[in-house]
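Presented as structure tokens, the chain that follows is alone, the form predicted alone.
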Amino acid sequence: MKGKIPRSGDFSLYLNRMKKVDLEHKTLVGMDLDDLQSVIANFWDKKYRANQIFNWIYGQKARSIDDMDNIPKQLREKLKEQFILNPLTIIDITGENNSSTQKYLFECNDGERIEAVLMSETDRTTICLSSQVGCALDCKFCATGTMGIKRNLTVGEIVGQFLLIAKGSNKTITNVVFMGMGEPLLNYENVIKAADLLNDNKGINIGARHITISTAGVIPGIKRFAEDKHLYRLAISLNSSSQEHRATIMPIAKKYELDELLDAAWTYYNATKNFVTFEYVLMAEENDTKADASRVIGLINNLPCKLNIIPYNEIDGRFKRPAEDRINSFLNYFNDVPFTVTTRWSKGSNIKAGCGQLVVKKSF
């Protein structure tokens, strides 16, 4: 099935079309402390066991239930009868352990496969997590969009990526970005619960401001994110300076127009006082002219934000990265703007791990 987002109505139709996860066993990864306390209560065991299990899962990143050696064997056996620990298995790792970028291929319990990326630079190490199997948005420059959509990832499948990568890496993870496969705000509840588990100071303990949730422009999700006043960072994929052009490369713009998207960004800022980050993938002869730069400056205007310009990572399609002098010329147009401008040279493009390059072809 190659699912697409509906052009009208709400997203319940889209969600109902996706394949549901049907697992014989529930997974412990993905449960918060309240969930684990309910499990322990059902076993008529001591309440503090839930805290111990929580620490094993998220603090010590246990590889198996049997690793939990301060949990009585009888309780461990009961857990193994009804639960598995992590719903993911690492199938392949591309890139050396001491390299700046590694790409991980995971298999879910139902056979679906996803990718995540580990990136290191000086004292910053970031995990890029996936939130869906495939993606419904079909952005024309993104490899993931060629997969279509299979389903949302569970909380356990999202957090499981982090735990397996972190356990096997010799690097301390400092940042998490939800910028892998899928549209995070179309899996809102699972993504937020996963972020909460990543942030929990009794477990993984990644600071809220070191967790970024990205969207291609799902306006209801942005507004809900604003209303919920989460401290996590928000990134919005802009990628064009006009509504007409944006709709040709990002079909979601046909549903949520550019002026509405900027209004939603203002709503987010006014509600949270957090700066939004606009991501602008720079593509040759698509959005790299002086006129494009001028329109972007006009769109953003005085909105407190950061603009992150990302030279395109090619995926063997019609879109190309601009030449280096063209990139530098484009960047120079932003020398005197009232907002912060950064350039992100994506790591891992040589192993197809750069922004927009994640795709699993074997399962489709």
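Don't overthink the numbering: it's just position in the shown sequence, from 1. Bear in mind the structure is a predicted one, so any value in this text is a computation, not a measurement.
Beyond the structure shown, there is the form predicted together with S-adenosyl-L-homocysteine, which is absent from this document and is the topic of what follows.
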Can you work out which of L307, A50, I300, I310 has a heavy atom no more than 4.5 Å from S-adenosyl-L-homocysteine in the model of the complex? I310
Among N187, S241, S214, N109, which has any heavy atom within 4.5 Å of S-adenosyl-L-homocysteine in the model of the complex? S214
Taking S-adenosyl-L-homocysteine as it sits in the model of the complex, is S237 near enough to touch it, meaning that at least one heavy atom pair lies within 4.5 angstroms? yes
Close approach of A265 to S-adenosyl-L-homocysteine in the model of the complex, 4.5 Å, heavy atom: no
4.5 Å heavy atom contact, M179 and S-adenosyl-L-homocysteine in the model of the complex: yes
Classify I149 as contacting or not contacting S-adenosyl-L-homocysteine in the model of the complex by the rule of any non-hydrogen atom within 4.5 angstroms, answering yes or no. no
Please name which of the stretches 76 to 84, 163 to 171, 135 to 143, 118 to 126 has residues with heavy atoms lying within 4.5 Å of S-adenosyl-L-homocysteine in the model of the complex. 135 to 143
Would you mind checking 263 to 282 for residues with a heavy atom within 4.5 Å of S-adenosyl-L-homocysteine in the model of the complex? E279, V281
